[in-house]
Each structure stands twice: as C-alpha cells, then as structure tokens.
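First, one chain by itself in structure tokens, the form predicted on its own.
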Amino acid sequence: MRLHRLLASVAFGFATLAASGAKAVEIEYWQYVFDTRVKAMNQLIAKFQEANPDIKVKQTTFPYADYQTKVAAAILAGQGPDVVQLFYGWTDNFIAGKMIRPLRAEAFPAADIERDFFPIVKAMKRGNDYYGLPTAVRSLALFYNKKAFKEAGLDPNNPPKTLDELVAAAEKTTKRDGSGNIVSAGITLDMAGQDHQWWREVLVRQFGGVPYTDNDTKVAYNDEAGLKALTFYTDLQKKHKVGQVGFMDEGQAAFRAGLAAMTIDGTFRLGSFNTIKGFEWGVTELPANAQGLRSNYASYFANAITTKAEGEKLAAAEKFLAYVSSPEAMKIWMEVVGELPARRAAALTPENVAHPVYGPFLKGLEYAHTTLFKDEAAQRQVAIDMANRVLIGGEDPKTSLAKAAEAEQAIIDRAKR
C-alpha cells in the first residue's frame, strides 16, 4: 500500500470533523530527553500539524532514568501520552502493563510492514499483531579520533579492521601521566553504554558462541566462547591497560572531549558527535575476528499507540504514527539525529551506502543481530555487574560469567511466567 493510501486509511472521520469546524483534536506524544531526538520530533510535529490543522500534537519529555516509570504511572491513571516512544526491548513490559495497544491491521497491514521495513521490525510483533513501528534503526560502529591516530603515528584513514588491530591501535593511542594513570584512553570501556551489546551480540559470536538459544529464552554464553569474549573485554583494562571503566563517567563524553581515541557507539550518537570542533573523527565497521567474522547489534525505538487513546484521539494517533513512520519523516530524522531510516528503500539509497559515515552502519545492518530482551534494563544491568566484578572487584572472569548467566536466566524465566 502506498503511503497516501495508508494515511487515508487512518484518517477516518477527519474530513467530517474539519468540515464541521469542530475544535482541533489534541494528542500527546512522549519520549525521553535526548536533544537531537527532541529537535527532530519538533520538526516532524510542525510539518504534521501544517498538513493536518485539525490535529494538535503536544510533545512531553522526561529524563531516560525516569521515563518508563512516568509512562506507566500516567497511563494507568488514564492520563499521559496517546503516542509513546519505547525501546523495542521494553515491548513485553508495556504489553503486560496494558500500556500499549496492537496496531489495527486495517491501518497498518502486517504484509506492508514486513515488505517495506528492515526485518528487525518483527521484534515489535506478538502473534499476528504489531505493537509499534520505528522511524529509525540503529547499528553499532567504531568511532575513532583521526587526530589521535595521526599523533600516535597511525594512518588516520586506515582504522582497525580486526580485533588484534583494535588492541594495537588502542595501545599506541593511550596516554598516561608520570604515575602511569590514564589521561587519554585508547578505547572507552562503558558497559552501561553500548559495550554490553558489543560483548553480547558481537564478541561472544566472534569467539565461537551464541549469547542465547531457544528464541533468546535460554542463556548460552556461560561457555568457553563467552569466557574468551569476557576476558578479551576485561583485558583491555587489566592486561593492555588501554581503557578504564568509569573514565570520565561515560565513554561518549571521553570521546567528545578528545580524551579517548576510539569508542563503540550507535548511529544515534552522530547528531551529538557532529558538534565536535576540536578534532576530525571517522567511522568504520566493528572489527572482525582473525577469521574475518563480523557481527553487529541492531536496535530501535518504536512509536506505539497507548491504551489511553480512544475515539477521535485514536484516529489522530494513528494518523500521526503513519506520518512519523513515513519516508519523509525518516529522512528528517536521519539528517537531525543520524539514525538510519527503518524503511529499506529510504535507507539503502546509493548516496547512503557510499556515505563515509552512514555506510559502515548500513553494512553492519547486513549481519546484525537483535536481542529479544524480556527486560532490557535488568538484562543490561547483569552485563554491567559482570564486567564490574572483574574490573573493579577483581573477581575471576569465569566466576563472574557464571553469576551473570544465572542472574540473566532468572530474569528471563520470571518474564515467561
């Protein structure tokens, strides 16, 4: 179905409403605070309202740490958003809490969604129903500071292609004071950022394992491959001394400040990194293992319609969701935020594929995996704790890995009950 037909299918009742001169319908859109995302949504709302003067959209934002709690409390009280942004890994919790409704098949046919969007959109499907649609998708890549590379005698146009080359480049770019303390890291160590995804869906696979089996319901990384992956990661601090957990609090902050030569992050960071003035940076695919195997992690935030939306607000919410999932909206989002369009045709243009920044992320989507989280926040915390026990507490990696596997399996099992 072409876009104009989709928009028409969710606009039932609006022609009559406009003709009658009735008051504009107001709906609320909620997302968490992230400057470029808020800026992009403001632009989308302005364009949507210009084309739909009978609908007003109010955007509300909250800090990330409070976001899920605020959404749940508001919707359960019959207040809050009509359209809500949520990480795909929160979907089961939002459904269980009766916060979001399945999309009407008449307005959003599954066949059209699966034809037009990247396959990872299926993480929003439960049974025959979709519960939301993304504007953009994200993959991971290696950001590197070209100035730091040049100062260390490395070719700034030849970033690491393998894990061994990554370690070597990190060793050459790390700077220390007279006491041996890191003052500028070779690579950031930030499990709370994107390193937990790098470890889980990339390193575990590159060392010969898989993170989960049985549709991501059975933890499978407590084995030799998982141990090698964790040891590789923790050795960056303990053996190679090229990074340190907690350095400048966040990895992205260290990179932005020019105090880390490399960091692993997602497309969503492009808008922020584009404001860096002190040095030129580049992007390359995540390094392969010695055998050339690459892996990646793909994710997205979706927009969903809440159970609060009824009647004319539901119709308005559907029309708004159709617009923010359109090629036009995706183009604006990519330009402002840096995240890749969720529709194949909008993403895989010759210009995007050949782009020095977008290209590596698009290549990563070709071999990326999407973790089917049961409780994303809790499962992420397991990975953070696992690394911290080794890097801060001095625990043996094998012991810490076993504890992590047991804790994460318990989280998954609780969610299945």
Partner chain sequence: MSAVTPRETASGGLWSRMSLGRKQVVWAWGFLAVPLLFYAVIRFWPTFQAFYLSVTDWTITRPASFVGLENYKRLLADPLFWQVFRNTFMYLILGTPISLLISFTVAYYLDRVRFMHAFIRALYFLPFLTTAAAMAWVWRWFYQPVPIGVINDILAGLGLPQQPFLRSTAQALPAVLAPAVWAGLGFQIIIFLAGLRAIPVTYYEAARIDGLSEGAILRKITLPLLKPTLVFLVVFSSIGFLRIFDQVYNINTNDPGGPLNSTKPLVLMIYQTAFSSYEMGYAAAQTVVLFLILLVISLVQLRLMRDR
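Numbering follows the first chain given and starts at 1. Small disclaimer: the values here were computed from a predicted structure and weren't measured.
The protein also exists as the form predicted together with the partner chain; that form is not presented, and the subsequent description refers to it.
When the partner chain is considered in the predicted bound form, only one residue from Ala77, Ala111, Val183, Ala290 comes within 4.5 Å through any heavy atom, namely Val183. Note on the partner interface in the predicted bound form: the residue among Thr307, Asn93, Thr174, Gln85 having a heavy atom within 4.5 angstroms of the partner chain is Asn93. The partner chain is not drawn, but in the predicted bound form it has no heavy atom within 4.5 Å of Val357. Using a 4.5 Å cutoff between non-hydrogen atoms, Leu236 does not count as a contact of the partner chain in the predicted bound form. The partner chain in the predicted bound form comes within 4.5 Å of a heavy atom belonging to Ala192. Within 4.5 Å of any heavy atom of the partner chain in the predicted bound form lies no heavy atom of Arg37. Contact here is defined as any heavy atom lying within 4.5 Å of the partner chain in the predicted bound form, and by that definition not a single one of Asp164, His196 and Gln409 is a contact residue. This chain is displayed without the partner chain, yet in the predicted bound form the stretch 382 to 390 from 347 to 355, 29 to 37, 51 to 59, 382 to 390 comes within 4.5 Å of it by heavy atoms. With contact defined as any non-hydrogen atom lying within 4.5 angstroms of the partner chain in the predicted bound form, the contacting residues in 240 to 277 are Gln244, Val245, Gly246, Phe247, Met248, Asp249, Glu250, Leu259, given in sequence order.
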